[in-house]
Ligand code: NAD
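Okay, here we've got a single chain as structure tokens, the form predicted alone, with questions on binding and movement later.
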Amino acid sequence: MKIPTTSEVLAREPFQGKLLIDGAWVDAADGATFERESPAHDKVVAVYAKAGVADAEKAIESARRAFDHGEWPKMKAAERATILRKVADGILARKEEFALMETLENGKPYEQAMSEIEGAADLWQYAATLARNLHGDSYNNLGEDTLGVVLRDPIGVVSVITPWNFPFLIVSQKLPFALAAGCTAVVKPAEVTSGTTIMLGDILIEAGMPAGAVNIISGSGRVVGDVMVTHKDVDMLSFTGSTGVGKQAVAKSADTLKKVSMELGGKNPQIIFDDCDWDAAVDATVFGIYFNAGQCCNSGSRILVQKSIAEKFVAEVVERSKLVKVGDPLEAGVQVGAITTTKQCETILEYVESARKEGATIALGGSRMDTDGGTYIEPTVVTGVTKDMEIAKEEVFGPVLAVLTFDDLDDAIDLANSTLFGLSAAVWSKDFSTCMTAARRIDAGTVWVNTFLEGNAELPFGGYRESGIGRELGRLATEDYTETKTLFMHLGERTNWYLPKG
């Protein structure tokens, strides 16, 4: 894989992004724009049209018209599937361009961005298969004069709001499945990582997506996001982001009682028993916290280590963490790039300082790196953490590992379930009974056994409690974007109940 050099990339003109509304690229109604600087290079890499309320309303109107009167919901599933596969092919044909944009706006290493783009294309391929497999049920066992048919109708217009940590992967966990069901959509990426979603618009048009079926707007969540959450012509909200913002979105959507799907935060434990595969568990611990600079809802931000091995295990994690390469995401071999925003960098460091004040020990790192440019944080390990500390309960969303210890399986489960989150977890033990007992008792949507942060399009993803509402991916993913309709059919003569017999 040839990685573009930093000097080559930064010598280019910034990417120019407009709004995709009703099949056409347009400027914001008031002409407003905003810039995005690369968090790794402190240079403007993109300029976007900044949508306002009028633009958001126009985009929703377009999606509404495309759903109520357009061809997309009426197409045969096979025709929709063909277009979704063309989108996947279009993504792969431009994967280097997409990966570079992700790197420049998010700060993640180019090699990781490339894997994300390829994984996203696979989701579009998978959604195409589901388009043809979405169906209802029939019941001919209700008596000789009754036939029941259950239909799955597309729910309508979907607002898709995505975050900045995995911009293209997460829009691809939502949009193709909504489209496979026959819905239309308005999509708003995070302000700081709008590029790849805007670029997707060209691929959708080239693939034959009807005008208005997908509208893409960039801008402020407080402005256009609010319109997308509250508008009466939106039938469903699919949101990924922080739990705090997700709660606000659910509350704001309540007036219209639209359906909501929420993929929110996590404080995910990796439980390390004393009979674990040592090298694999150490590697998974380091990978789990530093992948994507820890800016991952599934990040293994807590490790729970059995006391009998805790001192030795943590010492090795610290030594391995020292070897993690942090730096320019366009440099080969870099494993951790820049923190995506200055605000997030400040939040991460505040959590580290809070842990220090509460009595924890900063065993490694804990500071912003002294570099010529960019926003980088040292790989950080915090020990002596107890379950009541802020750093043990709250989502830090950065390269900061909190270490807790436990006595036995029951103690480990208690610690694992001691937060309000329940997105994912991992169990490390060579004893099958230990693994399966723990996996069944942990309150989380995904539990990895002797591995971590792996996934497939076929497996559902989502969380318990404050980690979200509903599931994405898996064979039922398209069903989430449907309404169920019952057809109750009477065969033959029907007797009027109010007329006397005889």
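Predicted, not measured: the structure shown is a model, and the values here were computed from it. One-based numbering along the sequence shown.
What follows is about the form predicted in complex with the named molecule, which we do not show.
Judged against the named molecule in the predicted complex with a 4.5 angstroms heavy atom cut-off, the residues T162, I170 and S242 are in contact without exception.
In the predicted complex, no heavy atom of V352 sits within 4.5 Å of the named molecule.
The closest heavy atom approach of P73 to the named molecule in the predicted complex falls outside 4.5 Å. Looking at E191, you'd find a heavy atom of it within 4.5 angstroms of the named molecule in the predicted complex. Although the partner is absent here, P379 is not a contact residue: none of its heavy atoms lies within 4.5 angstroms of the named molecule in the predicted complex. Remark: of stretches 282-290, 151-159, 182-190, 88-96, the one touching the named molecule in the predicted complex is 182-190 (heavy atom within 4.5 Å). Screening G225, G365, G398, G201 for any heavy atom within 4.5 Å of the named molecule in the predicted complex leaves a single hit, G225. Of the listed positions (F452, Y48, F461, F67), a single one reaches within 4.5 angstroms of the named molecule by any non-hydrogen atom in the predicted complex, namely F461.
Residues G265, G266 are the ones in 265-294 with at least one heavy atom within 4.5 Å of the named molecule in the predicted complex, listed in sequence order.
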